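Before any questions on binding or motion, here is one chain by itself as structure tokens, the form predicted on its own.
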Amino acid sequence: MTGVLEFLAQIVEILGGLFHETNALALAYMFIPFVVFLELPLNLMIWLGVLRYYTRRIYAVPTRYPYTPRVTCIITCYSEGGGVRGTVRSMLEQVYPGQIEIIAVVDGADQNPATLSALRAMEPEVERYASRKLVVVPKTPRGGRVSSLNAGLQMARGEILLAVDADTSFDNTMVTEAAGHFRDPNVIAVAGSLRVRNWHDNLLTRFQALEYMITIHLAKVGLGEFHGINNISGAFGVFRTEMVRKIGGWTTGSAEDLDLTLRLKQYFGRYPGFRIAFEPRAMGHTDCPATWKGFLLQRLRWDGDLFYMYMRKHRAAFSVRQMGFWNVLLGLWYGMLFQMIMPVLIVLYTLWLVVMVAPVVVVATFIIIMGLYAVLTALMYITALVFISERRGRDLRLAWLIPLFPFFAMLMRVWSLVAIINEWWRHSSQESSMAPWWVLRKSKR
């Protein structure tokens, strides 16, 4: 016990001397390359974008003329069973006055009779809804999510196309909010916002709910104001149907959402007026992993697929001629530097610190770093709560996690490096559960 108290006393002593020259230089070495040059500019852009969004919402003249094109919603189903009914009902109950065509594609229908039966049992219920139609497509061979999306695309008759997962539900104003953006002929896609539906299950789901609030609900509002949306979520994306057909639909068995987004952006160099909008009021709700094993496997796939898309499949596409200057800049800065290079730098620096510096200095520096990140998290959280949140009561119940969130984020940075190495070394994108192995093996290495 005495040794522990002495160790803590040494940490306090070092914290008290942090403003001495040597400690200041050590901290500068840590924060200048990582925070000042990479994170801080991104956060400032997000804050400015949120302020612009909030101001525009107050002073913008509302658009009054009617715009209700036919909407096709492709629901990709696999093993949801009766849970798929919630997704279908959330589409049936949209307040959107136009027609909504729901195409539910059951992948591997013979292996998933419960999902197929649940959908067919809903057909009489759908008939009671005006301007709503349900088409159930039993796809016997399992071809993966991409195969289901392309099957639905062939049947789609709507001008606007929604691609959603069968375990995602929506606020009843979602279609109205998303469809309004397509009044502008230059809008080729809209990214919607996502909330964690099972946020109250345990500590892990609460962490993910706070993460979604900051990295999706807040960050995409800010980035969207500067035409900086880097990815349209696979759980919930809205597209101009003719544009999706023009690029050939979905073409990969893994990370199909990022792949489609990058292929859409490859038209921006020739058509600089094109843009991808973000609509925070188009809200979807999805279940996140409730176990650490499921969570780590999900992020292993997400971060590994990011490396695969940026460094292998679409590496040659990052040219001003194809994507335009702004998309190339954001792709390099946010997609590559912030999401792939920064985890490597942080892990390498941490290892250097552990090897070269006394343990008490390491602990003291770590406490300061986590404290500063907690302050940054608190500022982002307050910004989201005040200017964007439509469920403030629920979001307030996540506030107590702010001091702990930097530790969760640090763990994710380390795990991102594991995912990157796993993809680089093992081509893990060809082992995804999103499609059978014989489909994934056809993709280029």
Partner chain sequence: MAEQPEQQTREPLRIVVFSRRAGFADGLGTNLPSQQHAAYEELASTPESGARTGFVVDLESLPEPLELIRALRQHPEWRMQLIWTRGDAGPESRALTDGAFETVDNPGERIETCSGRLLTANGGQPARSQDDVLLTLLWSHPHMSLQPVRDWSAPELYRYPLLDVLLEEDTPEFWLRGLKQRRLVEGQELVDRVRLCPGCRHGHLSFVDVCPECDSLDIRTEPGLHCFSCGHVAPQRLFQDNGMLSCPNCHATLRHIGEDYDRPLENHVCGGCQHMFMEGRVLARCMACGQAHDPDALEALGVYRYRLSEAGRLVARTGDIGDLYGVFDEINYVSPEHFEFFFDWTLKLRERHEEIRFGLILLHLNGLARVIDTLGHGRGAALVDSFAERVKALVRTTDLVTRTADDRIWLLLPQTSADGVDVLAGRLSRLMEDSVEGTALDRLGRVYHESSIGMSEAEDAAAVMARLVSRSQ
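Remember, it's a predicted structure, so these values are computed and weren't measured experimentally. Positions refer to the first chain, counted from 1.
Omitted from view is the form predicted in complex with its partner chain, to which the following refers.
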Requested in this report: Identify, from the list D165, D201, D171, E225, the residue with a heavy atom within 4.5 Å of its partner chain in the model of the complex.
Outcome: D171
**Report entry** One residue of Q266, Q208, T350, S90 in contact with its partner chain, assessed in the model of the complex (non-hydrogen atom, 4.5 angstroms)
**Finding:** S90
Requested in this report: Report whether the minimum heavy atom distance between E390 and its partner chain in the model of the complex is within 4.5 Å.
Outcome: yes
Query - Partner proximity in the model of the complex: R397 to its partner chain, non-hydrogen atom cutoff 4.5 Å - result: no
Query - Touches its partner chain in the model of the complex: H285 (any heavy atom, 4.5 Å) - result: yes
Requested in this report: Spell out, yes or no, whether the shortest heavy atom distance between W292 and its partner chain in the model of the complex is within 4.5 Å.
Outcome: no
Query raised in the report: Exactly one stretch in 134-142, 90-98, 151-159, 70-78 has heavy atoms within 4.5 Å of its partner chain in the model of the complex; which is it?
Result: 90-98
